[in-house]
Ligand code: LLP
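Shown below, as structure tokens, is a lone chain in the form predicted alone; questions about how it binds or moves come after it.
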């Protein structure tokens, strides 16, 4: 009954007998029991081959379905550290950094300026200075920001390529906290403001070269992009007619969803999403004489989520009323998404995950923190689980660690990158001394 859950794990998942002959979960050629013994728990692992395959799926789909130039931007907010920045840069992707902090990570990783893109809805002066000095592309959220950029350029020199973020008036069907494209969203400019922004750039000789919009994160029907794309293409026609301006690049954002739970299967493919957007863009702009803009998709979650697995150790098993509780050594401090978005996850025991007989009471998985909201997975069919066992939670590669906290003095977990049987520590586990680094005695 648990076999469907295997397809949620990275593409390299395998069941391999351990020293006692008992099947155990392997990812990237490594036994998860051995990784937990070596690096401790909670532990986050990333399978690089799964990321490679997701990048190639986007590249292949873009090449097949869009007649113009194409590109991919990795949204670093999904998961970013030095190792991830290296990997995405090696694939030739642009790296989307929100503000000076993510930009510092990318620059420390050695990502070339041409592959750096800065985003942000309320960029500080320090953010803008870093973007102007270090990014190849800067996405402008609003007119006051554009005026600030013009002043900084006047004071310090040339600007990078500027893209204007449009607020199309349409959001996708997702949790309200993940919606970004609606008419009253805090993000971007409406069509009239965008026309004013292009005219401002022309008057001030600023290199405005592209348009960007985003409707929300973790949606599941590609057709939801089409109304916003129609609005943006109509705006492009207006800009061409009134200001003789045409974008070199157009980014319809990202947010393509993935399956987190076996109930989410099957899920529409990356190709279905890309094919829908590409065909609509090419058709909408086919009557104009300038060449098609570069279609620059912006995935984050759909590149890295399935590549990640969180490994927890069960500390206490208890019965409370009708609930069987499995209390783990991690929870809302490393994964706030169930509390914030009601995100639904699944799990398997690391040892003998498929053959153990089910029991009548489903499991409720929670962490050690002093919050009733510290609930990782609700009402999940699982076999009997004993204290000390390891549980693996798939699809843990996006947003979880980027939102992690030190609540209750929690120590953020180690992160390990896997490829061809080799395990490379990407981020060490925090220590109690790390909790004091910002304190002044």
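As the structure is a computational prediction, the values presented were derived from the model and not from experiment. Residue numbers count along the first chain shown, from 1.
Just so it is clear, the following notes concern the form predicted in complex with the named molecule, a form of the same protein that is not shown.
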Checking 341, 246, 369, 325 against the named molecule in the predicted complex, the residue with a non-hydrogen atom inside 4.5 angstroms turns out to be 341
The listed residue (313, 178, 267, 238) that reaches within 4.5 Å of the named molecule in the predicted complex by any heavy atom is 178
Assert contact_stretch over 200-208, 148-156, 71-79, 238-246 against the named molecule in the predicted complex, heavy atom within 4.5 Å, equals 71-79
Residue 299 within 4.5 Å of the named molecule in the predicted complex, heavy atoms:
yes
Q.
Although the partner isn't part of this model, could you tell me whether residue 220 comes within 4.5 Å of the named molecule in the predicted complex, counting any heavy atom of the residue?
A. no
Is residue 107 close enough to the named molecule in the predicted complex to count, meaning some heavy atom within 4.5 Å?
-> no
| query | Do residue 86 and the named molecule share at least one heavy atom pair within 4.5 Å in the predicted complex? | reply | no
Taking the named molecule in the predicted complex and a 4.5 Å non-hydrogen atom cutoff, the residues of 312-339 making contact are 337
